[in-house]
Structures are given as C-alpha cells and as structure tokens.
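Have a look below at one chain only, the form predicted alone, in structure tokens format.
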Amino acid sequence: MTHAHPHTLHHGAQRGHHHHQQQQDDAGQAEILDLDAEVLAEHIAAITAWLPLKTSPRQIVDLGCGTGAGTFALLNRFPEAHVIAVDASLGHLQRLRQKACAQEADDRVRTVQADLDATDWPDLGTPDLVWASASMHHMADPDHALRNVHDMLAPGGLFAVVELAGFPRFLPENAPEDRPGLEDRCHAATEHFHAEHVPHRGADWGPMLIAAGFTLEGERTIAVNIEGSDSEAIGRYAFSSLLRIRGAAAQALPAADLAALDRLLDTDSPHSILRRDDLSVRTERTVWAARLS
C-alpha cells in the first residue's frame, strides 16, 4: 500500500511474485515515488496549506506513506506535529526512515509496517489528522478503511484523501515524431489492467466519505502543469513512469507503437525520452477533506 498514482501498475500483479521480484518492484516504485515527491513538491505543499484545519494537528497518521512525500510535507507544514507513517513495504519505510534521519526529524516520525487490507489494523493512536495520498484506490475494500479511519480519528479530526488523475502526461501531443499521440494510446492500453486490478482509481471519494459518517468540509482540484525543459528530474520521472506503463500496456499495443515506446525507453538511443527538451508534467490532483462529525 503506497502513495501511488504512478504506481498503480504494481498492485494487482504483485501478489504471488516471489521475494526477489517484489524487491525489484519495490525498488522501482521507490524511485518513482521519490521523483514524484521532488517534481510535485510545490503542489503537495499547496494541499497541506489548504487543509481546513481548526487547529494545527499534533498527531498525524500517513496511510500508505510510500517513501514519505506526504510525511515530510506534513512535518514541514506542522512543526509541532508527529507522524506515524504506515505502509506495507518495508523497503519504502526504511527509505523514509533514512530521509527522516538525514533531515534530523527521526524523533518526529514513527514507521509502522501494515497491510491496510487486513481486517485488523495496528493501534495508530487517536490522530488529529489522517492523510491518505494516492493510497485509498489501492485498497481492496475502501469502505473498511474508511470505517477504520472514522473509528481512530480524534473528535473533530480531519481526514484528507488525495488522488491523482492517473499517470501524468509528459510528451507533446505530436510526439514522438514517428508515432504522434503514442502516449495517449499507451494510457488507453492500460485501462483494462486498471479496471481489473485497481477498480477504485478515479473514484469520487466525497459520497463515500459521507456514507462512512464523515462531514465533507471541502474538495479541491489542483491542475499540475510543470514545464520540464530545465529539469533533469522530470526526464527521469517521465522515463520511470513510461517504463511502468509499458508493463501494463505492452500486450494491448500495436507492434509499431510498442517499438516507438521502446525507442523512447532506450537510454542509449538518440530518441530516448531522457534526451528530449520538450517534456512537461500534466495531471490533476484532487483532495477531499472530511471531518469527524
């Protein structure tokens, strides 16, 4: 369970993989989570600043924390707060812990390894704020998770659900030159995979939060459009994202599209996406803020 818009491709396939494959998948996912945190840092900060809080939270739980994008944004926004960071991946939690130590914030973070699809969750205290960024859509039974959050929140506490509108787009519409529109076709080719493995991706969480007994305090969608001409990180972000999309789209793509995608992903090729100077990051991020009434 992780912070996961560009990571939705790992979820359904990971069960049954042997340990080495899971480690490889975790490592690839950790890289993209770190790039996501770097590239979208301002947008994450804007969401934490928007949260309709009555007082600054002291106890925060980050559900599906990944490598800590939300955890560190919340620590920066609320300097008196402590965060319990929860994820199923031990590797992600170790990476988060290393970052916390490097930032001298390790005394403000506790990591908990837990499967949020399990019937019983570990004791996560009585937080003032629960944050779930791009993790709710991974859960097999989101209603069960919503009930658990409802039961743990302090009276008057806030639950923030943040989701991205799928994978970001990076290429111009007329790119690549030999197969214009390739990126849109790649995204379309993953739809069957997502419908099967992450059916809650793209859900409207407002009605689900209300049905779980919360009062919806606000909803906001932030458009993300970051020009990447001067950012090496955006090239790596695009590369890692398209590499993961390839895993889900390959069987559904025509041979010519797959060959064009592989040219973009060939780091030695003059057509490599890492060599392009016309990339941007385009997506939307929506946050729902719900209070325990």
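Note that residue numbering begins at 1 and tracks the sequence as displayed. Quantities reported herein were computed from a predicted structural model and do not represent experimental measurements.
The same protein also has a form predicted in complex with a small molecule, omitted here; what follows describes it.
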Inset, instruction - Tell me, please, which stretch of 179 to 187, 109 to 117, 211 to 219, 143 to 151 lies within 4.5 angstroms of the small molecule in the predicted bound form when heavy atoms are compared? - result: 109 to 117
Legend entry - One residue of 238, 69, 245, 260 in contact with the small molecule, assessed in the predicted bound form (non-hydrogen atom, 4.5 angstroms): 69
Legend entry - Residue contact check: residue 84 to the small molecule in the predicted bound form, 4.5 Å heavy atom: no
Legend entry - Contact flag, residue 60 vs the small molecule in the predicted bound form, heavy atom cut 4.5 Å: no
Legend entry - Contact flag, residue 203 vs the small molecule in the predicted bound form, heavy atom cut 4.5 Å: no
Inset, instruction - Give a yes/no on whether residue 134 approaches the small molecule to within 4.5 Å in the predicted bound form, heavy atoms considered. - result: yes
